[in-house]
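This document starts with one chain, in the form predicted on its own, laid out as structure tokens.
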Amino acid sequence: MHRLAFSKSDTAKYISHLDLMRTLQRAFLRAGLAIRHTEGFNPHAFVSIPLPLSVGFSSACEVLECELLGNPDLGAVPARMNAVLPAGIAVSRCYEAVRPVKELCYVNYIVTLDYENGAPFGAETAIRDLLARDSLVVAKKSKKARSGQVEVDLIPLIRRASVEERRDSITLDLILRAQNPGLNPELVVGAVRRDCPEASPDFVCVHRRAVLDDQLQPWE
């Protein structure tokens, strides 16, 4: 099994997960890199992304799992892929997969809350107090629930959070649970809008900076 580390930025962050998968599969073909396919009447490429990225989020740490055939030079794979990938998607590494996906425990997000008229007075303190609560329950969409929603407490899923105010923005540096269950930073922003309406941003930018293990070390 092999892994590709890649970034997704600029206009590419608006590519959906399914379109991203199609784009990467075509890139392997155009780069002349053979990958394993499933067997059967309608074979398809055996590729997966452990943590699909939400549309509109940028990332410096995406991972694609695949199996390259024919013993290719892994060091040359990034250049071959980048030559055929669209702008905004860039492969930085190709390497042998060693650690299992279950050891991917946390994700570091940088969430920037922008304000057209400058950060409101007291907004930084209000958000910091919100994230320091013992419990912060919000409603989350769920296909399994009969009502279509379930309640989830965000606090146990937040490993670390810092808040920094600048002139026209407030930046949240969040380390959130990655899976089983994972926490989408959009729920944190939603809690800010609900419980700290005075701090509601005019625009939100979310960037995935790192994927981490249970010791907060880089997972790869």
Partner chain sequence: MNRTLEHILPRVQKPARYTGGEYGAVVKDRRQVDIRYALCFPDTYEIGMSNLGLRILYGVMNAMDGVWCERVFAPWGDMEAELRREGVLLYGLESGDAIADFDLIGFSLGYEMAYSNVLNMLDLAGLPVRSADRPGPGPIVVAGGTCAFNPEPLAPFVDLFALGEGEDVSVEIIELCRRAKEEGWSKPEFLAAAARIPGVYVPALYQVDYAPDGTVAAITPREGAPRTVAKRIVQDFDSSYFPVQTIVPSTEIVHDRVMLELFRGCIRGCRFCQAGYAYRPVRARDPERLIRQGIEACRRSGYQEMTLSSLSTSDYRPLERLCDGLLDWCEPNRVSLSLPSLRADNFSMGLMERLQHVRKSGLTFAPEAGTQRLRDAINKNVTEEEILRSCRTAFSGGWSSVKLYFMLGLPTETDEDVLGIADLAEKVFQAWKETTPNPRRGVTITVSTACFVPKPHTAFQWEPQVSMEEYQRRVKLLRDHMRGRSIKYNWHDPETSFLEAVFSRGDRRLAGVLETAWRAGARLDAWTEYFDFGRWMDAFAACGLDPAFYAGRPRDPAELLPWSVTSAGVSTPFLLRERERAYQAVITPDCRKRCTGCGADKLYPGGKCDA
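Not measured: the values here are computed from a predicted model. Positions refer to the first chain, counted from 1.
Beyond the structure shown, there is the form predicted together with its partner chain, which is absent from this document and is the topic of what follows.
In the predicted complex, its partner chain lies farther than 4.5 Å from every heavy atom of residue 103.
When contacts are judged by a 4.5 Å heavy atom cut-off, residue 98 does not count as touching its partner chain in the predicted complex. Contact annotation: residue 200 falls outside 4.5 Å of its partner chain in the predicted complex, judged by heavy atom distances.
In the predicted complex, residue 13 approaches its partner chain with a heavy atom inside 4.5 Å. Though its partner chain is absent from this view, in the predicted complex it lies within 4.5 Å of a heavy atom of just one residue from 193, 160, 26, 177, which is 26. The listed set 123, 131, 85, 94 contains one residue whose heavy atoms approach its partner chain in the predicted complex to within 4.5 Å, identified as 85.
Taken together, the three residues 166, 167 and 173 lack any non-hydrogen atom within 4.5 angstroms of its partner chain in the predicted complex.
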